[in-house]
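Presented below, as structure tokens, is a lone chain in the form predicted alone.
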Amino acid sequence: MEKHQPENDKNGYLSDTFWRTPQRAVPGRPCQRVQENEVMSGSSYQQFQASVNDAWDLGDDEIISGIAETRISKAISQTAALNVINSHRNSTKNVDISDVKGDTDKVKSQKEVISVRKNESKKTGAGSGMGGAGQMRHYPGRPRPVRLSALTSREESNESKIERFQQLLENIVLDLNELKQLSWSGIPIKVRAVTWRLLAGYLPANAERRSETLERKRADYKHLVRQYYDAERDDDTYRQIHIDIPRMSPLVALFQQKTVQVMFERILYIWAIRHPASGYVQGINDLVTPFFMVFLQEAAPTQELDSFPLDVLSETQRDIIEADSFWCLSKFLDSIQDNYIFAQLGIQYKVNQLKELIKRIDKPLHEHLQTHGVDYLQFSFRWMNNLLTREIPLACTIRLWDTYLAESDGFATFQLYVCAAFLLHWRERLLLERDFQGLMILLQNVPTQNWTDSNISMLVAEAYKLKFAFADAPNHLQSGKGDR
């Protein structure tokens, strides 16, 4: 392993590493194995990728058992506590009084955060599992069960908006720009499926050609299944997909059904074979889910989807859901395929862009992360790779994708500003964290379990403000090019 000093060592903040004696890997967190007299680089993409390749593999039982097996002696815990207290006392002596509003405000903000965390923990602990079988345990970075009521936007009650959508969709030649403007703030559930097909470019703007196009594309997909999936398969690609699918959403009963898993396998395998530059990359499976849920809700509009038995649908209905999910996913990924090619260069580039953007927007937050040794790759890699699908509830992901699909110049650039707004949303809590461990726990397990459409509307509004503010000064997006 190459020997060099990590970035935070230059500032004299490097002490005994938290990863000195790792017992088990924790999802989304690097598992560093550092030999004596060697230092592992926190910015090496290859090392980081290797250290988190099991980020989606562990179940909740393994996580809990790994924690339970850890033994810390009383003497060590007392010493660690004294070190933390002394470190905090020394750091507060060096704080410039101009950098804070006052001790009273600081104590107040800390108490508010503690109170919020207690309330959230009570709400989370009160949640019930699927089917009411006891408490539901939280899997870090895993989608939670989805209720029909959660998928129903608040704007659904706005009949005038539904009427505007219906009038627009009934036009012989659709004004796609007007549809994008109307969809940006959220799409009513009654027209979401057909609107997504149009925004994704799967359906033509001419209403007279839509029926013919759907019939042809669905027949084409059946041909692809026979050509690639039913024939001799690539063993490595199929094996990886076959392993990943059952672990995709362990809390949602719908995705544990064999019928659903086979549908996802076919979609992902055919997409991987048809895109050899990238092939199958872990994380793409999450991007099928929003399309699948939207088209399933179209087929079963009055059903609770989290435990809906898919076999009650006819084979024709299931084929429509699968084919439309495949084609919409393909269209959706066209503009971000470089995210999934070898070494995932597109994500590396976007992570560098996010770093430079936050540095310009909020330098204190940026320096706080850097001071405590937090590399942007360590938390934003998953944000970029999975498009925040593992950070927010599935219902919120669907609302967010209303805006992504409506972005006139493609969502790839806008998603950068969404990630920036998402990071800035947690600014106050992050600044209260005083060590690497606390920062990483918050960044990789942000408390969004109670988020609704209104939170997403605020998030995209903040992202739009950032994009608009930097629209005439895009140099911050150029700094990462030298790293590609």
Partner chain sequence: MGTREDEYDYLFKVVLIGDSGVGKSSLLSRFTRNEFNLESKSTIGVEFATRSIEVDGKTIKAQIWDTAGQERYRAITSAYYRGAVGALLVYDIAKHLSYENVERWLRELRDHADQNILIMLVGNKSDLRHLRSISTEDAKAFAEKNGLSFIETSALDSTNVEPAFQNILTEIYRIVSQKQMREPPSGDVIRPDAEPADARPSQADTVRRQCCQ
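Being a predicted model, the structure only gives us computed values, none of them experimental. Numbering follows the first chain given and starts at 1.
One more form of this protein, predicted together with the partner chain, exists but is not displayed; see below.
Contact check for H372: a heavy atom falls within 4.5 Å of the partner chain in the predicted bound form.
Residue contact check for L174: none of its heavy atoms lie within 4.5 Å of the partner chain in the predicted bound form. Taking the partner from elsewhere, R266 is found to have every heavy atom lying beyond 4.5 Å of the partner chain in the predicted bound form. Taking the partner from elsewhere, A343 is found to have a heavy atom lying within 4.5 Å of the partner chain in the predicted bound form. Judged against the partner chain in the predicted bound form with a 4.5 angstroms heavy atom cut-off, the residues R210, T403 and E407 are out of contact without exception. Exactly one listed residue, out of A200, L305, L377, I336, brings a non-hydrogen atom to within 4.5 Å of the partner chain in the predicted bound form: L377. When you look in the predicted bound form, the only residue of S183, S330, N386, Q297 with a non-hydrogen atom within 4.5 Å of the partner chain is N386. You can rule out all but one of 306-314, 354-362, 200-208, 239-247: in the predicted bound form, only 239-247 has residues with a heavy atom within 4.5 Å of the partner chain. Taking the partner chain as positioned in the predicted bound form, the residues of 275-298 that bring a heavy atom within 4.5 Å of it are, in sequence order, A277, S278, Y280, V281, Q282, G283.
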